[in-house]
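Below you will find one chain, with nothing else, as structure tokens; this is the form predicted alone, and questions on how it binds or moves follow later.
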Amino acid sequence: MPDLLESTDPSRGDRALEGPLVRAPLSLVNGARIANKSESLEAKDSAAAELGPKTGPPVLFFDRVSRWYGPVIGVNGVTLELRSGITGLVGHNGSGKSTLMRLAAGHLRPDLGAVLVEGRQAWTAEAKRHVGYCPELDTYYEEMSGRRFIQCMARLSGFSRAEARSRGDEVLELVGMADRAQRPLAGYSKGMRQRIKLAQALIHDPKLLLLDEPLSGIDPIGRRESIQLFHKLAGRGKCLLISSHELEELEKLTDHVAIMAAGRIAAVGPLTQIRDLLDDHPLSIRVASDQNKVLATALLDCDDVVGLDRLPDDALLVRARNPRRFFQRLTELVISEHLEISHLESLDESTHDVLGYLLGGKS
């Protein structure tokens, strides 16, 4: 029986797997690389965000990519490089995650820039041989059994009947569906359907795996098994881009994330470094209360406040470092001084959604 995780027929474009993941430096805002915490969050659009080993060409490369839906922009000037290992993609609904995934899968063509998979345009057949795609939504031939469906996917990938059967059995075993594969897809639970989606993405042994909400609907035991599988695949040199709107979920998978906001990559890198950099970056905050003078006096005594101005509408413009500590202090002031806050808003677009996720709630 062929090993799913080893190279197969060279005519299908498979290749020897690369070495293990090497951590890369933190990058923030449109892919600009940040070498240390003293550098600004504001970044150059032309710089590329890199994750994975620096040697050799990237598995997935976004080169200043933009994509519109009529007057609405889905992805805006994204530059991103991914190599082997696991990268989490996180963002609010409408941030551009799904558009980015569909561009990487070759389902969409960029209006500007280029998306390359193993050096080939993502929408070409040559590139798609290297891609396994697990979409968030599924549409199956419901009357098929799970095993029959996977074998059909293998045949469509160019395998013979014998290869389709052997690889189908192997991949079903890999995702924990071997003992339930004879049941019709119509009777599968959400978690079982997720496992079958993952199986079809793996059947042709792709170099790049694009997984959109792969843990949604899976029970805790299944989640643990899936996470172990993702780490095993990454250890074999595969490049995994895993999309989710839950940062806590991605933290169980990898420390490296790309945070999307308004169609842009707002931050890329290890979460610990993103948090540390945000702590040192002054954040502009517009705040208004029923007692602005009392609030302003109290805020000026805070060590994290580096500037405070009064706006024309009588609101306060506060510049503060260490956002988590500042907002904790602001909450204490509101309670102790019995203030009523009528408006609270982060004005820095580059850190708006990043801050919301790192604080564990809405931005």
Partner chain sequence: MTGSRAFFYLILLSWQRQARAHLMLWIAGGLLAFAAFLVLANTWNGRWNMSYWRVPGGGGVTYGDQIRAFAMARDLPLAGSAASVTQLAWSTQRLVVDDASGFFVFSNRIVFFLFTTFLMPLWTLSFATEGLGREREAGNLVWVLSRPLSRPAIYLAKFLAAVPWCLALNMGGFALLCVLAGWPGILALAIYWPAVLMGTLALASLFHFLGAFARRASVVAILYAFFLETIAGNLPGHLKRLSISFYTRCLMFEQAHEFGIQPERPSIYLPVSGSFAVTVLATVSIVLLVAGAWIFARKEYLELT
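Here the structure is a predicted model, which is why all the values come from computation and not from measurement. Positions refer to the first chain, counted from 1.
The same protein also has a form predicted in complex with its partner chain, omitted here; what follows describes it.
**Q** With its partner chain left out of view, which of 128, 264, 195, 207 would have a heavy atom within 4.5 Å of it in the predicted complex?
**A** It is 128 that has a heavy atom within 4.5 Å of the partner.
**Q** Considering its partner chain in the predicted complex, which of 219, 143, 179, 290 comes within 4.5 Å of it through any heavy atom?
**A** It is 143 that has a heavy atom within 4.5 Å of the partner.
**Q** Quick check on residue 272: any heavy atom within 4.5 Å of its partner chain in the predicted complex?
**A** Contact with its partner chain, no.
**Q** Taking its partner chain as it sits in the predicted complex, is residue 257 near enough to touch it, meaning that at least one heavy atom pair lies within 4.5 angstroms?
**A** Contact check for residue 257: no, nothing within 4.5 Å of its partner chain in the predicted complex.
**Q** At the 4.5 Å heavy atom threshold, is residue 203 in contact with its partner chain in the predicted complex?
**A** Yes - in the predicted complex, heavy atoms of residue 203 and its partner chain come within 4.5 Å of each other.
**Q** Would you check, heavy atoms only and a 4.5 Å threshold, whether residue 67 touches its partner chain in the predicted complex?
**A** The answer is yes: residue 67 has a heavy atom within 4.5 Å of its partner chain.
**Q** Go through 221-229, 171-179, 152-160, 236-244 and give me the stretch that gets within 4.5 Å of its partner chain in the predicted complex, heavy atoms only.
**A** Stretch 152-160 is the one.
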